[in-house]
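Below you will find one chain, with nothing else, as structure tokens; this is the form predicted on its own, and questions on how it binds or moves follow later.
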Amino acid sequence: MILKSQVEWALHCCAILAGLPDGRYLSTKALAEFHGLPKEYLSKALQGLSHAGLVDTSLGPSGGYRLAKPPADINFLEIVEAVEGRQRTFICSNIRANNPCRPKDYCESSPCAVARIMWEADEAWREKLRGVRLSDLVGILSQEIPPQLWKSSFEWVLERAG
């Protein structure tokens, strides 16, 4: 399974937005510049977050994006699904029906074992992402990023926040 690069972008942008003070917004341009991303493509990921109700938007010179909920109330699965959609990662096309040895009127009463196993794996993956909050990520980043880089990054963001 390969997720769109916009999933990574959305997760990183949400981590940045989690540090914004109340009432402040960060523009697509600033988020794109911070991450070295094309603004036009990043906009699509941010729009997905907006449609999912994960970020609020504001227009105008000091407008942009901010989280719509506290970081503890947003999980990774919500962000992934805002960008990728909610469809299963495995689609069964029932190729077992093409077996030339099967009687023509033979019909299974349940999905095949391959599909069931893949769907169970998909649900386990989703459950793992559902259990990781944006606040968990912020906590990890605050421990892993050197203090001076953490501070200068936060200052850079605040200088550009409307």
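Predicted model, so just to flag it, every value in this text is computed and none were measured. Think of the rigid core as the biggest set of C-alphas that the two forms share within 1.5 Å after superposition. Residue numbers run from 1 along the displayed sequence.
Same protein, other form: the form predicted in complex with another copy of the chain, not shown, and the subject of what follows.
Even though another copy of the chain is not shown here, does residue 21 get within 4.5 Å of it in the model of the complex, heavy atoms only?
Flag for residue 21 set to no.
Using the partner position in the model of the complex, report whether residue 122 sits within 4.5 Å of another copy of the chain, counting heavy atoms only.
Judged by the heavy-atom cut-off of 4.5 Å, residue 122 is in contact with another copy of the chain in the model of the complex.
Indicate whether another copy of the chain has at least one heavy atom within 4.5 Å of a heavy atom of residue 34 in the model of the complex.
Contact with another copy of the chain, yes.
Is there a heavy atom of residue 9 lying 4.5 Å or less from a heavy atom of another copy of the chain in the model of the complex?
Yes, residue 9 sits close enough to another copy of the chain in the model of the complex that at least one of its heavy atoms falls within 4.5 Å.
Can you tell me which residues in 145-162 come within 4.5 angstroms of another copy of the chain in the model of the complex, by heavy atoms?
146, 149, 152, 153, 156, in sequence order.
Note yes or no: does the Cα of residue 111 move by 2 Å or more between the shown form and the other one after the core is superposed?
Yes; residue 111 is a residue whose C-alpha shifts (by 2 Å or more) between the shown form and the other one when the cores are overlaid.
Is residue 77 among the residues whose Cα moves by 2 Å or more between the shown form and the other one after superposition of the rigid core?
No; residue 77 is a residue whose C-alpha shifts by less than 2 Å between the shown form and the other one when the cores are overlaid.
Would you say residue 102 moves its Cα by 2 Å or more between the shown form and the other one, aligning on the core?
It does shift by 2 Å or more.
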